[in-house]
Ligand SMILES: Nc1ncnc2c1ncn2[C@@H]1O[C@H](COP(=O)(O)OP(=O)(O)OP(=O)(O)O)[C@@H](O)[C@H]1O
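The chain that follows stands alone, in the form predicted alone, written as structure tokens.
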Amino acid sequence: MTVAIEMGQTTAGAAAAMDLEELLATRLLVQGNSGSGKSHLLRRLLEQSAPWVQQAIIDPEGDFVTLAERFGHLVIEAEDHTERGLQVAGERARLHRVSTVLNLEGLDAENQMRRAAAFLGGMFDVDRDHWYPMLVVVDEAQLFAPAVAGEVSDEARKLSLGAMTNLMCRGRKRGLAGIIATQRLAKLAKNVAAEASNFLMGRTFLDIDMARAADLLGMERRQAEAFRDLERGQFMALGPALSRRPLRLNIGPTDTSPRNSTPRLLPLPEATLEDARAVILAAPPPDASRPQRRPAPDLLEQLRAAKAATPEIRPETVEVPVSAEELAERRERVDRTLRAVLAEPDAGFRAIGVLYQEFVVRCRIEGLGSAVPDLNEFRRMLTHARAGLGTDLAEDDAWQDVSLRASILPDDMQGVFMMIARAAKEGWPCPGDAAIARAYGSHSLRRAQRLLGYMEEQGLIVCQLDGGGRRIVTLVELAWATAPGDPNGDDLPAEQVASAASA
């Protein structure tokens, strides 16, 4: 069955329809300067297609969060979640076929790129059984796939550009139909723009953007001036889902509207000059000034400071005396409860918050009451458990150095580092990519390889291959080294599996 969604009308008054199934197979590029009606076009497209197909919107300005009330989209506030959390959210959105809006408003450019890349990566890496058709709309795509390096770090740019390239170049086979919108074609990476087969080009004034728009539509350069004459909400359409020849159309109305409406002229308030002076030039409040940020200390200094402070940290005095036997019995019950949570089949791929909720419920059933660890302590316990560490080893002096080094990594990487450190300390074979990915909570072998590369960049490990292609990981300064292990192996070494089961 062919599904045609109405985008508006042609200049001749006929209905302008878009073939949704063809769009899913061929992708779409939207271009228009600020005020051309680009966001309005995206909103019309999303509203018309919402009943037919799952959607995900990468929204840098929070313009599309109003779709939630009318069409049931789940709004994800990126500022409230880690990159790892958003990667898992992207996977789960596809698994459960929930339409989402990733609101990046309030984040700086680099964090917008990192979180968008994580979310897109999660949707891209799901198993083949869940490759359902899905529209993925990226507004202001030049922010996430810039043509040239900007002020953000190279790492953030590579992550974001890689995710956008995957979406546009390899997403079709995975059911992902990329719809990218940009104000400036010249600022958008060419390899990302070139993958679109459908185009909607709005008003633009710069010669370089008009020339690229004309080239994409197959128009002659002398016809490029026509893009200056387009009115707001008017676009030139071309592509198998739209029209076989360039067609001018007017976008129809929408049912929802952005939170920030178009600015309108308002009369100025009546006020005397003296009143204005008193209000504007009044002394600032005493707490208005911000303290200057200190430069970040050297990494080695951070390690030394943390190590020096470690012996000074003592638990608060417990008012009610508890015997050593009772403390040991409580700790054993807590450890047993944690092992039960981790024994669930999908525990390695669930968010820490979800695991902690289940852990707390089980602890209450066990009657532990006030002995339930808080979230930070649970994170530490989870990291040690996934690395196969028992209490005796975790409290070993040599292992304190490992914990100190792991602390410079993001929380979700620390368990992987400790798992490798445990294998190195015991002389076990290096875990394979599949085991590393599981410890991180991912199915992606490429992500496991990137994790090792990141740890190596931080100066924590050195990776080598022997003559047989087996991997050896050495911990810097500690001089612990794993035995050679097959990177393509699926399981942990037998010794480490047995140790993890008994930890």
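The model shown is predicted, which means the values in this text are computed figures rather than measured ones. Counting begins at 1, following the sequence as shown.
One more form of this protein, predicted in complex with the ligand, exists but is not displayed; see below.
Item to check | Segment that reaches the ligand in the predicted bound form - one of 401-409, 129-137, 232-240, 95-103, heavy atoms within 4.5 Å | outcome: Careful reading of the contacts points to 232-240.
Next on the checklist: Even though the partner isn't displayed, in the predicted bound form is residue 40 close enough to the ligand, meaning a heavy atom within 4.5 Å?
Outcome noted: Yes.
Next on the checklist: With a cut-off of 4.5 Å between heavy atoms, is residue 474 one of the residues that contacts the ligand in the predicted bound form?
Outcome noted: Residue 474 lies outside the contact set for the ligand.
Checklist entry - Would residue 251 show up as a contact with the ligand in the predicted bound form if we use heavy atoms at 4.5 Å? => result Yes, residue 251 lies within 4.5 Å of the ligand in the predicted bound form.
Next on the checklist: If we define contact as a non-hydrogen atom of the residue within 4.5 angstroms of the partner, is residue 34 a contact of the ligand in the predicted bound form?
Outcome noted: Contact check for residue 34: yes, within 4.5 Å of the ligand in the predicted bound form.
Checklist entry - If you check 337, 183, 198, 414 against the ligand in the predicted bound form, which one has a heavy atom within 4.5 Å? => result None of the others qualify; the residue that does is 183.
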